[in-house]
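This document opens with one chain alone, in structure tokens, the form predicted on its own.
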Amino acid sequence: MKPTIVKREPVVDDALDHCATKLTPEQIEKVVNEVIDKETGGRLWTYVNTCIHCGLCAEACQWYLSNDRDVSYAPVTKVKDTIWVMLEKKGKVDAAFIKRCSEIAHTECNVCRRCGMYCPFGIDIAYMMMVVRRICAKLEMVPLYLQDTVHSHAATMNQMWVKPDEWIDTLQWQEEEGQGYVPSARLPLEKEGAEVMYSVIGPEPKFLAQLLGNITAIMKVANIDWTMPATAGWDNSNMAMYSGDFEVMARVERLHYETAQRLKVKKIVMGECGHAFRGAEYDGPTWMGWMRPPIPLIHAISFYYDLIISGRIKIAKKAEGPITVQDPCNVIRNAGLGKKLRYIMNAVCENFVDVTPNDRHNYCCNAGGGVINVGPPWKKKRVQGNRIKAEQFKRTGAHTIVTPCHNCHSGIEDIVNTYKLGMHVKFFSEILIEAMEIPEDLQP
């Protein structure tokens, strides 16, 4: 089986370029067969032997559609050019092949699972691409910027190398910001036995600290008994899950749940992040052999839905539209929160204009799945690979796009800027904080 010959603009990635020179055929063969023999099973072989190469998955992929239907971007081609070759040749492949596999799996596929929805046999192509990533990770063939975030997780247990004192200083600062909305708002640290532990990801204290101020005010208005940890275990972004380093992924998830158990909370509320939710709810626990997480965890979409539908948060003035929304793959397609997302959007927005297609059928933002974390060298390719998303947003006529996920937020900002859409990108909490009613006894 010969890989598809593709033309790509050369990209310099120091990690891939350097590590490829050190790989030996014996090392490659050993790792490929170890992963296939010890970490996969009937699932992989069933998918490989069931695929009839029909190509129906192609029309589901934003990479294929945005690149003028170049067949080399079709999901079936990505699988044919990677894992199928490894299986056929029993791991006897060279370093150049592994480098191309890493480029395909890490920079040309978001493992968003949209293609699997359109496969007549329900083949999970994203799973096979994750197997490719796992092999590449064990061969140290991971794009530089993505591997840097994994190193940060391994050393500090957070993605952004946020130091303990910086973390606490940021929380205290954002408690003061939240008090600008509600003077009595508090951001409780290390409170044992609270109803909720609120969990965020590394970019919040590093770049988007205002979101912590927002949740401080929202929690007070909703009268939620909550807390946040003062120690490591607060960051659940877990980019190791997407690099293929499942050992570091497991460390991150174990510490996250151990922190919640130490605080004796009743449940964890995950902030607006899709990949972090996936890591905590599915991939991390599965790798550790847990039947289910030891403490219930819900995503911010479900949390806001519960607050609004129960009346704990009332809407005083709806946000002016038209406003549209992005469906984060890991909480909509993979967790079924599409209806709840649209409920809260309609509850808070005066003129909510949905995208088409939407909900489980929406296109991926092209940033999730770790693809945005491969960094600046690959940005041009990533944004060009989501032209269809830009066209989709443009059709709505909206002035604001709500993205309840950090990767979606960053990726869609790149799309808006590149394709000059003239739209603002916001998290849902940024809309809610301005729309919610603040009871008279809590007002400044």
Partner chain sequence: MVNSENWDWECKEKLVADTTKWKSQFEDVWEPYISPDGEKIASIVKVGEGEFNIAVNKETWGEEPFEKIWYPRFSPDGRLTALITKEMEWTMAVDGKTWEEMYEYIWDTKFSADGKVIAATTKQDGVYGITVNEKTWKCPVNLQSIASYVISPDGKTLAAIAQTVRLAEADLDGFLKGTWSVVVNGKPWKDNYVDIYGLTISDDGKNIAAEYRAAICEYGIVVNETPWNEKFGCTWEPVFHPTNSDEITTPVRQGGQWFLATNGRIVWDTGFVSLLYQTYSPDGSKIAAAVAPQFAKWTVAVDGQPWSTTFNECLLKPCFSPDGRKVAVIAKDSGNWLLVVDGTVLGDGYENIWPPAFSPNGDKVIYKVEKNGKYAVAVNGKVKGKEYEALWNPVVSPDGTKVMICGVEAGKYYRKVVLLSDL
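Residue numbers count along the first chain shown, from 1. Computed from a prediction, not measured in an experiment: that's the story for all the values here.
Although not depicted, the form predicted in complex with the partner chain is the subject of the following passage.
Every residue of the trio 169, 176 and 247 has some heavy atom no more than 4.5 Å from the partner chain in the predicted complex.
Residue 18 belongs to the set of residues with a heavy atom inside 4.5 Å of the partner chain in the predicted complex. In the predicted complex, the partner chain lies within 4.5 Å of some heavy atom of residue 193.
Contact check for residue 293: a heavy atom falls within 4.5 Å of the partner chain in the predicted complex. Contact check for residue 286: a non-hydrogen atom falls within 4.5 Å of the partner chain in the predicted complex. With the partner left out here, the partner chain still marks one of 332 to 340, 111 to 119, 149 to 157, 300 to 308 in the predicted complex; by a 4.5 Å heavy atom cut-off that stretch is 149 to 157. Of the residues given (230, 353, 71, 87), 230 alone sits with a heavy atom within 4.5 Å of the partner chain in the predicted complex. Among the residues 80, 251, 318, 99, the one placing a heavy atom within 4.5 Å of the partner chain in the predicted complex is 251.
The partner is not shown here, but in the predicted complex the stretch 128 to 165 reaches within 4.5 angstroms of the partner chain through a heavy atom at 134, 137, 138, 140, 144, 145, 147, 148, 151, 154, 155, 157, 161, 163, 164, 165.
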